[in-house]
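Only one chain is included here, represented as structure tokens and corresponding to the form predicted alone.
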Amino acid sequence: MNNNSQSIHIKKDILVRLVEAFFSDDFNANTASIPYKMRPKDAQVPYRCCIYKEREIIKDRIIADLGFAVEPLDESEKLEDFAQMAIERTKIDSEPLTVIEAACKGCVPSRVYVTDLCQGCVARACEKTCKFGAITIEGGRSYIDGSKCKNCGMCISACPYNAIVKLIVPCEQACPVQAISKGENGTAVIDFEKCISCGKCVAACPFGAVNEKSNLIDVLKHIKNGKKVVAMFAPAIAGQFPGSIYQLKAAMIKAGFYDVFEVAQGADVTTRKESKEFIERMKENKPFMTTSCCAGYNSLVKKHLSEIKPFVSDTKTPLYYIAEIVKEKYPDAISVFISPCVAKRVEVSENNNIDYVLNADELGAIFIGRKIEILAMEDCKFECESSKQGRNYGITGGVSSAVNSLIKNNVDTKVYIVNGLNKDSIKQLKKYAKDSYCPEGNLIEVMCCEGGCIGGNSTIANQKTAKNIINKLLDKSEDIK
């Protein structure tokens, strides 16, 4: 994810202002004033045609951050009303994403295009390369017939002048399952029957038009009302903030959470169960087994890749196991998962032991809005320390390494890692399922995001920084037993 993009800074600014408004004397009125404070009357208009459109888009972003879909929005509805509905809400929406139509650029359709750099050369390499007869020479330059072009890109590679380019729609290009496309009005529409909630469209859109529907106000409401709210943070979240995980826990306690758990503790349960399952499957002469901890991958299997289901581990995710632990200790608590990705919102919606999800950006906004400095916190230890392997689950290779560490010499293991889901890797997985064979290995780790969970769309630190922070934590952690 491009965490340095201006759209991310705008999103963060809105979240912080929303937190401040929530803890003010008048949440509804102060929420309604955010667009005007961010774009006052005499402000320079930095991105859009006019200040009024800027305010309208900020309003829509706030509505998404209040937890509502923007698509069916009536423009006459006021922000005050949405703020009040967020306070009164008892059930969150099942679909985690919404598209802000006013922010969507309505990009031109994806296609291969001949630019003015074309020299109409004698070689005609582009014409000869095209297998579909889509390229002809007209008026001394190349012309592409869109009805014949298959967007294969062979002509792009063949042109000696780099005169042919592919125009892309970033969100459509990023989606591995073609779940996002243009609607009747030319703006993006998500088909939730296809969507695996990987969040790649959220990260790809340079206009920030695709947004998560936040649970922020729901969580803050329970904290403010004195409820026992318990947080569980994913292994990748440990790399998103400065300081130690013990300072992070202390900061979360100061923010109002009653207790805090590492999901890495649940990862240790997953490691033990999955290593045992792998040994059993290999002794039964099964060809291979894939990991099952990635919510995006699990959604892909459910919606698009059912043929590989027999090869997917039956072991539950680390979040599933830590939620069981939290529920057993605090049966009446409100449980909140701190997530690095959108896909976990879908997993949470299917788990009765977890109530809400916050991402790293939202947790960071709480810290800023409440003026909490993580580095100023004293360490707050965990009742149960997670292992080195469990804490490494958020980095590509961490899951398979953890599982393999407990397999030892029981069976022969050859690890293969699918580092990010895209059209090519999905095609590859389909072939493994069809052939009941994977030449690359018998223990396949599948991560939806490149780099692992530290590359999730809901993270705030770049991968190098996150990895360095986590590696320092691993140096001080014990091996799984």
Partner chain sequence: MDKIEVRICSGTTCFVMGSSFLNELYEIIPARYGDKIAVKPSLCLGQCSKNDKHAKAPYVKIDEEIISEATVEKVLKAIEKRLN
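Model, not experiment: these values are computed from the prediction. Residue numbers count along the first chain shown, from 1.
Keep in mind that the form predicted together with the partner chain is not shown, yet the notes after this line are about it.
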| query | finding |
| --- | --- |
| Contact of F241 with the partner chain in the predicted complex (heavy atom, 4.5 Å) | yes |
| Interface membership of K12, the partner chain in the predicted complex, 4.5 Å heavy atom rule | yes |
| Touches the partner chain in the predicted complex: L375 (any heavy atom, 4.5 Å) | yes |
| In the predicted complex, T465 touching the partner chain (heavy atom, 4.5 Å) | yes |
| Stretch from 130-138, 149-157, 364-372, 271-279 whose residues place a heavy atom within 4.5 Å of the partner chain in the predicted complex | 364-372 |
| Within 11-40, the residues that have a heavy atom no more than 4.5 Å from the partner chain in the predicted complex | K12, D13, V16, R17, E20 |
